[in-house]
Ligand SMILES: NC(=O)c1ccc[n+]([C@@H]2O[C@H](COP(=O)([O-])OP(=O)(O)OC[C@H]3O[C@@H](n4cnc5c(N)ncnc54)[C@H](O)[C@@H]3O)[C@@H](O)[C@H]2O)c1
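This document opens with one chain alone, in structure tokens, the form predicted alone.
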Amino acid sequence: MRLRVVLPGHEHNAEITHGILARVGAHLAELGCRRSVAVVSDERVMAAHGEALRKSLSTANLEPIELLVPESEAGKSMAVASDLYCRLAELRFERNDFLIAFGGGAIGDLAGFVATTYKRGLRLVNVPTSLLAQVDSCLGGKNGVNLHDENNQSFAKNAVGTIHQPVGIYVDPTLPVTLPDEHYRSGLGEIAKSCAIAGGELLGRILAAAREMEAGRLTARAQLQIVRDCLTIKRNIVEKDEYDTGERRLLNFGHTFGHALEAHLGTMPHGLCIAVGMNVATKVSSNRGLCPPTTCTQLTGLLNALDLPTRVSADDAEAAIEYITMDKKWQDRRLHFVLIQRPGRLKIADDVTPEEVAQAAREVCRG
């Protein structure tokens, strides 16, 4: 499947099919790549899939220059970005040379940020290998790094970033089979978010796919269709609001408390934190009288069906609350918060207070 993304002044394709990794080199050559290609990745991804990418690039007479960084959120720092700038400069990379983000969502965030800011613009190619990156973060152009304190602890997720669209996206839904279970489930968290946004047929299809899961994993057929569905939903929203000033904020459902929880815990994968955040956001909506009890039941049922967490300990919830105002959705001393009426009908509010979110988190996590 080829999904066309059309934005003002920029168009690109997302190619979604089994085996697409073997054709990435040929596609880059068609896009004008004629020399070395920087590949930002980590050791685990390169061990699992690096040989296939190397072969794809060499077949097109392109030389991969592998720039390895720490795994997951540990690599999303200004320090790591600075190291990459220096490596690119030593390698004499020039503006409009190609950089491949080859990995999960954290790799995509970091590589996209570097591609945007090094000489004001390398040509970015996204080759997502995690389920989360494939269903969500590979499309839309958002990137960024986290801020760290004097103890090198992350406290503000994606606080420094840009929007920089890739020239191509290549998604092979067979790649996430190598993910550890917890990180695979993280991708299911973003799938649940897409369900909440779209409702309707997607919700039914994912609940049906959840019943057929084997050892906590979607079947290959279901995963291919769901990746296509989720990226189509996101494409449709991003095309209307590339710079996240209106409708695109709906994609942040569950992210206000989810990001705070992620910053506090440090080790819980993004999508699992977002699952808890969606439950908290639904509780905020319920407390406001915006959604009926059936919505709470539907959301909890969806999370349970996908084996996603709905709560954390009361102590962790309390500690996470301290991070809420660090989130980039805190503007003019107000939260831009996504509320839910029912799956398929969400709204953005700018009058939700941190105290409301804290109260909902306490209620959810007390059980």
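Numbering starts at 1 and runs along the sequence shown. None of the values given here were measured: they were computed from a predicted structure.
Keep in mind that the form predicted together with this ligand is not shown, yet the notes after this line are about it.
Heavy atoms of S137 reach within 4.5 Å of this ligand in the predicted complex, making it an interface residue.
Not displayed here, this ligand is approached by T129 to within 4.5 Å at the level of heavy atoms in the predicted complex. At least one heavy atom of E190 is located within 4.5 Å of this ligand in the predicted complex. Contact check for A48: a heavy atom falls within 4.5 Å of this ligand in the predicted complex.
Site annotation in the predicted complex: the residue of L272, L218, L175, L88 reaching within 4.5 Å of this ligand with a heavy atom is L175. Although this ligand is omitted here, in the predicted complex none of G254, S285 and E356 has a heavy atom within 4.5 Å of it. With the partner omitted here, the stretch from 195-203, 71-79, 163-171, 115-123 that lies within 4.5 Å of this ligand by heavy atoms in the predicted complex is 71-79.
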